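Next comes just one chain, in structure tokens: the form predicted alone.
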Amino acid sequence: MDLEFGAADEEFRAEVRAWLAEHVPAEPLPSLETEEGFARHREWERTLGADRLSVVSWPREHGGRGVSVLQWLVFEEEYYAANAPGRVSQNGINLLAPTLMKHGTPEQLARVLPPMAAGEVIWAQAWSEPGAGSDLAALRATATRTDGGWLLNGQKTWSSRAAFADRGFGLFRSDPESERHRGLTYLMFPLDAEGVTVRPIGRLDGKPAFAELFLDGVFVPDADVIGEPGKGWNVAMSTAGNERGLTLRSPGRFTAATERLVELWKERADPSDTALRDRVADAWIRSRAYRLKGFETISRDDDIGAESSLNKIFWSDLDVALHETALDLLGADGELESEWLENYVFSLAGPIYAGTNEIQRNVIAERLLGLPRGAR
């Protein structure tokens, strides 16, 4: 493929860079895992949305600019290079929205996407359950048919953003006689509805990055079913593919982080420590390899399918390695409150969420390499 950017791409890059230079807060916002920080990040989403920069590749009628996927990668590179705030809306725009675009109705697209793009409605992913984390098909929360909709019952846990978000989306067992992947329905629901109890879960640093959701007869109208009732597993696999692929962790996140890692090495490293130098170089090289893989992915016409598992393992391992290297460069100072420390704590979750890396290795072995299915 042609790796040279065209004039339109460079013009878009310059526009985004200038906008970010004018609007990115001079001081980092408080952690989005706190009530105050969540509110500040929501306001940042509204600032992005006001200039159609929260979802640049979406069609204009949904709040985007309709730019190409390549230009979305350009936007991401500039966004992270500018050290702009983390995206509190990422569950919605990176996971739910692509799922709706593939399986949703025109009414759902028109109703759900513009408020999401504008930062007015923040979404939480409600997939994991106490007995169904990586083994998602073992979920037990139910959706029971009632007049005009469904009644949700059960418990979800480790729901990202749920402590302060507005709405959630997840899978529910709608056929009690079914097993595993069958008889599941994909639904959206409000977190402030009657029957919903949200209980924040503190992270190691005490911040409520997650929440448990207890659902007791929560009514959801038919209009909030995504795809065909009972066929939710197929819909969920669309979400999972996006979560493990480029949309959740675009290359710009890592190219910008490794540029800052190189600068940290120049400021803090002992030049004779070649082992640490090599770790910095390795992280930089891997971030560039992931960038090139990103270009290869968007140049294809097909769905990458199980290859998204390769992406997920690669970026999650890279994220941990580059932040461990940064903390080793900082030495005792790494124990102090900093973006490096905050991002390191978050990176530790990468090999677990979006399907554990152990599960992804099974996917690669069985679906890409054709190896025999292992014992379950």
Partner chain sequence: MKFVLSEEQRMFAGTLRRLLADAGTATIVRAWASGDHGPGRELWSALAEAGLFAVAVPEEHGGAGPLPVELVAAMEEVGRAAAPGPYVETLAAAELLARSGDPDLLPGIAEGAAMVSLAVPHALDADAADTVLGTDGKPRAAAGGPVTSLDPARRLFRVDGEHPAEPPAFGVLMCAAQQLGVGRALLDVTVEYAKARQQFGRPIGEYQAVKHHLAGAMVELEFARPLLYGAALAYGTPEFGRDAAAAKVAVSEASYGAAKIALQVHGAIGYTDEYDPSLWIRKARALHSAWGTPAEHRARVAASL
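In this text, all values refer to a predicted model and were calculated from it rather than measured experimentally. Positions refer to the first chain, counted from 1.
Heads up, the form predicted together with its partner chain isn't pictured, but that's what we're talking about next.
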Quiz item: Honest question, do Trp284, Arg300 and Arg361 all end up within 4.5 Å of its partner chain in the predicted bound form by heavy atom distance?
Solution: yes
Quiz item: For the chain shown here without its partner, which stretch in 227 to 235, 205 to 213, 148 to 156, 261 to 269 has non-hydrogen atoms within 4.5 angstroms of its partner chain in the predicted bound form?
Solution: 261 to 269
Exercise. Scan Ile201, Ala82, Ala223, Ala289 and let me know which has any heavy atom within 4.5 Å of its partner chain in the predicted bound form.
Key: Ala289
Quiz item: Heavy atom to heavy atom, is Ala7 within 4.5 Å of its partner chain in the predicted bound form?
Solution: no
Quiz item: Glu296: heavy atom within 4.5 Å of its partner chain in the predicted bound form?
Solution: yes
Quiz item: With a 4.5 Å heavy atom cut-off, would you call Leu368 a contact of its partner chain in the predicted bound form?
Solution: yes
Quiz item: Does its partner chain get within 4.5 angstroms of any non-hydrogen atom of Asp175 in the predicted bound form?
Solution: no
